[in-house]
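We begin with a single chain expressed as structure tokens, specifically the form predicted on its own.
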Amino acid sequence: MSGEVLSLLMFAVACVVLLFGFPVAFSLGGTGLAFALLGHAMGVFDMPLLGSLPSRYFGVMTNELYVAIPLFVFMGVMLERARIAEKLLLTMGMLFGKHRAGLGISVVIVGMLLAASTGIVGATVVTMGLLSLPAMQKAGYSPRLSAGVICASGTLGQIIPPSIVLVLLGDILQGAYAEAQRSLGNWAPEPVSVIDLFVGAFIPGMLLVALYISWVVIQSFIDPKSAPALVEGKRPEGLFGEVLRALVPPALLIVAVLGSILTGIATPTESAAFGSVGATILAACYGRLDLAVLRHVTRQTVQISSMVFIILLGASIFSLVFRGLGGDHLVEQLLHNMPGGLFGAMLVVMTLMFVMGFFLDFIEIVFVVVPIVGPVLLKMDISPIWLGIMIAINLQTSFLTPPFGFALFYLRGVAPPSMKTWDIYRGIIPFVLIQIFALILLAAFPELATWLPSVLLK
């Protein structure tokens, strides 16, 4: 029992250390090693368990799936430097901006397209903040609605594939599902892949886009002054041609990358490599490719990828020590004995992740919480695809919830002083509620996530 108490204490200490701002990887790894020594001194942890770490690290380094992460990051950063978003926002704004709420709708649509092509929240929010926020202010949009729609649209990259979150969740859930099935006596379970999650996320992702657009339209009817039409200028001649020239190249790249994954022609890693080459060609066609751009893109790719992998290595120590102290058995007992059965267990886990999203980054939550609760929940006869999409939508809120919502920080950094921070915080509230509503819909109708994979991936 003392080991299980230590495991809970270790989880709490790790969260506190992270809140103090220490580097995530070293916080998780250091906390794990400290409690391993403490547990060994108390006789509740076997130090030889740490001997399995080299094989875990080697497994991470030889996992072909993880190669997709730096490739998708490279693709996203290259498209951002090619100013794909700038062309889309300018043309779509002129196309829809003459209608009430049209500019807000165009921001959501461009956010969706950027999510499917770049998937990098920071780059999307900053780019749309720099380009669309001045136009929305000039048109007389409410500061709260402007901030909310920009931040929410920028986070769509967390659920719309290709998403780094889904890549990480796919690998973790695959191991958790295999572990859960072995404990139930099934030694040859159906594998869970990232492709399953990509396909399963398509309908929920489009549902979120539709809900965002619906809210912008509803808000324009409730308060017409909050989302007026552009009051000056006419649509220039040849606008539709400009829209096509801005839309078709990234759309073709999206179709090629996602289509090759969903149809099984290529693995996610192979498609990511194709997308990286395609993004580089697009940048060259737009005249945005030179040595300085290539140096910037490469540096950003290395920084982001290194951050993800070093956190993964630190989280491996944390999860290993947590299991060695018996924490997984304690979590299993708690969730199994929860009133309401599966509903109660899912409610507790989803609430925990939502609350942690106020303080922690989505990567930290994925690597700390999912390996602990995943095997327990998957023993309760639920779809791993549904569970993965539920977690992904829940984690999307972590970018919008203060005090540490990164999308809020990104927008605050590029917003003019006239926009108050309080306006940004108030603006995201409806969109957080929309995400919670989407989560409830997905909980009530799991087919939203499981139907398409059952049709396409038979």
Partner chain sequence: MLFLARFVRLIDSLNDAVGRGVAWLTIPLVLVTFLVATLRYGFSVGWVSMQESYMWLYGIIFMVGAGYTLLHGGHVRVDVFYRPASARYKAWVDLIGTLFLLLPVLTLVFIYSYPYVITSWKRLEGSQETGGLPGLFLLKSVILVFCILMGLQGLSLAARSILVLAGHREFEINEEEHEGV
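Positions refer to the first chain, counted from 1. Note that the structure is predicted; figures quoted are calculated from it, not measured.
Same protein, other form: the form predicted together with the partner chain, not shown, and the subject of what follows.
Asks: Although the partner chain is absent from this view, report whether M10 comes within 4.5 Å of it in the predicted complex, heavy atoms only.
Replies: Close contact is absent here: in the predicted complex, M10 is far from the partner chain, nothing within 4.5 Å, heavy atoms only.
Asks: Taking any heavy atom pair closer than or equal to 4.5 Å as contact, tell me whether L71 reaches the partner chain in the predicted complex.
Replies: It does: once the partner chain is placed as it appears in the predicted complex, L71 has a heavy atom within 4.5 Å of it.
Asks: In the predicted complex, does S226 have a heavy atom within 4.5 Å of the partner chain?
Replies: S226 lies outside the contact set for the partner chain.
Asks: So in the predicted complex, does R245 come within 4.5 Å of the partner chain, heavy atom to heavy atom?
Replies: Flag for R245 set to no.
Asks: Based on heavy atom distances of at most 4.5 Å to the partner chain in the predicted complex, which listed stretch, 250-258, 134-142, 272-280, 197-205, is the contact stretch?
Replies: Looking at the other structure, the answer is 272-280.
Asks: Select from the listed residues L291, C285, V355, A210 the one whose heavy atoms reach within 4.5 Å of the partner chain in the predicted complex.
Replies: Of the listed residues, the single hit is L291.
Asks: Answer with one of I164, I372, I172, L335: the residue that has a non-hydrogen atom within 4.5 Å of the partner chain in the predicted complex.
Replies: Selected option: I164.
Asks: Would you mind checking 241-256 for residues with a heavy atom within 4.5 Å of the partner chain in the predicted complex?
Replies: Read in sequence order, no residue approaches the partner chain (within 4.5 Å, in the predicted complex).
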